[in-house]
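First, one chain by itself in structure tokens, the form predicted on its own.
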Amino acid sequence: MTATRAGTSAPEPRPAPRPPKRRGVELSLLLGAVAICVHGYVAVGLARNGAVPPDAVGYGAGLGVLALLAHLAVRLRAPYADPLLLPIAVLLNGLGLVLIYRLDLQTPLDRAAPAQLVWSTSGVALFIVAVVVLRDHRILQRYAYISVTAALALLCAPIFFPAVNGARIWIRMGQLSFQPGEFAKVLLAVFFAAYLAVNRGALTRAGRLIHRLRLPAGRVLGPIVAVWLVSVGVLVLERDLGTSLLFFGLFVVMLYVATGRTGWILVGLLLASAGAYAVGSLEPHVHGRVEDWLDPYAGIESGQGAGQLAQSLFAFAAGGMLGTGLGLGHSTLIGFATKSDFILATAGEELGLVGLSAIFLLYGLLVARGLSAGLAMRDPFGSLLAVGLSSIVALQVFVIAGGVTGLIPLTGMAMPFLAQGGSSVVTNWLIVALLVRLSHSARMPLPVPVEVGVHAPAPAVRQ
């Protein structure tokens, strides 16, 4: 409160206007997302069987109830959260269920949609728990070293289980199987954000200057580099090169954001290029994928038939601008990875370039809103965590989309929300929950400080 003269009264300061919560906008977008998914489900049934699927009402009601429960959790616990995050996640997850159901119709002995629906329900439940329980994201900063310990344990666990399709990244116990590396990436993002937030000053101001790049002191940079090297080394031994690339990109992006030095991006690109060349030359599994990438039609020319990448390119070409229509494509010719690695090829063939662009736009909006929350955060840990989580989604989409379109070699990862994969869909729902909490903290108005008045000195009393 400003000082006032005795005998005069200053007008009371007006409180800052509260930003709109926009929960009604979120609910409207959720209804639209559910309607689009139900429309796609019905279109698949009409195209394949000439009739509306008998469980279309149940599918729409189930998806609607899950979306409504998630919305209520956000409305009650994170009312200032970004209204776009949840509807985008529901729409992508619903479209993924439609595409997997459509592919199940051509592979009745290998149905994946029921299991994916169960995992999606688990993911939404985890989303609700995270939004309700985690009232302040800064609590996570206290558990940085527990997070990195758990992440490394999760990454090492698949070594003791049999390999699946040439990679040791799965844990199978009876009918249950999951990929622990999916959860590890969120834990590593928490550790990177916590460590860099505390040491960002030492990273930018101390260390040796080489030309125009200042290298941070080893005692500061050493621990985080060691964690990154161990995690990537384990993944290379397990032949999970897609996740290795994801962790490397996450480390470089968060280091760049923490220090603000462009040189880290250049160093990262050089190291990534050198590592990719070495692994592609020495590791037979990766070398085969590089050869397929360089000449995807070699199998056709040698009379062995089209490989997965060639079939994927044919699917995109057949889709054209508007696509063949849901349920009318032939992307099942790609093979066993149609519902996981190559599900984007089904979207490209049956929805065309227009539908594919819409899907990429959804991913772009999800990443952009996460980065926007990071820019608006008031604490460095929150900013770095939002950037890290958004980067995980962006890097994963780039690696998958680049692989199935022939831009980069295939790496074998799951498209966020869209592809078959229980661990992936649950982890992505957790990422969205954390982004919702972060955006709520970023948009929430600060509490009005208690103002202490400055009183005019009392006049001296003449004795």
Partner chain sequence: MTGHIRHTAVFSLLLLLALLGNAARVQVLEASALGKNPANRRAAIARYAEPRGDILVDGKPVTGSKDTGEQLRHERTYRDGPLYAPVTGYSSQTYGTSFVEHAQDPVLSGSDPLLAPFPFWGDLTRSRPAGGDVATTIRASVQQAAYRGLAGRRGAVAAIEPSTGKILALVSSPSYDPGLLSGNGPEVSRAWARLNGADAQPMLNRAVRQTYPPGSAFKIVTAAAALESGVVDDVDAPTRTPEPYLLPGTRTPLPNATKGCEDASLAYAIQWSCNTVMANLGARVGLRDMVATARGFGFNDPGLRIPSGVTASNFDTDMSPDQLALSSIGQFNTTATPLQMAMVAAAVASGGDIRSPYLVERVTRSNGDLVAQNGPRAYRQAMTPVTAQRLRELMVRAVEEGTGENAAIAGATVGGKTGTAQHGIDNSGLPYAWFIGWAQAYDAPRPGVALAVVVEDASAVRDDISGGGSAAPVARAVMRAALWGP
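Residue numbers count along the first chain shown, from 1. Since this is a predicted model, take the numbers as computed values, not measurements.
Separately, the form predicted together with the partner chain exists; it is not shown, and the next lines address it.
- With the partner chain left out of view, the stretch that reaches within 4.5 Å of it through heavy atoms in the predicted complex is, among 153 to 161, 132 to 140, 107 to 115, 318 to 326, 318 to 326.
- Although the partner is absent here, L384 sits close enough that one of its heavy atoms falls within 4.5 Å of the partner chain in the predicted complex.
- Taking the partner from elsewhere, G280 is found to have every heavy atom lying beyond 4.5 Å of the partner chain in the predicted complex.
- Using a 4.5 angstroms limit between non-hydrogen atoms, F336 is distant from the partner chain in the predicted complex.
- Although the partner is absent here, G348 sits close enough that one of its heavy atoms falls within 4.5 Å of the partner chain in the predicted complex.
- Remark: none of the three candidate residues (P180, A226 and L271) comes within 4.5 Å of the partner chain in the predicted complex, counting heavy atoms only.
- Comment: the partner chain is not present in this chain, but in the predicted complex one of G275, G263, G352, G288 has a heavy atom within 4.5 Å of it, namely G352.
- Interface residue among L361, L294, L76, A202 relative to the partner chain in the predicted complex, by the heavy atom within 4.5 Å criterion: L361.
- Interface residues of 390 to 413, taken as those with a heavy atom within 4.5 Å of the partner chain in the predicted complex (partner not displayed): S391, A394, L395, V397, F398, A401, G402, T405, G406, L407, in sequence order.
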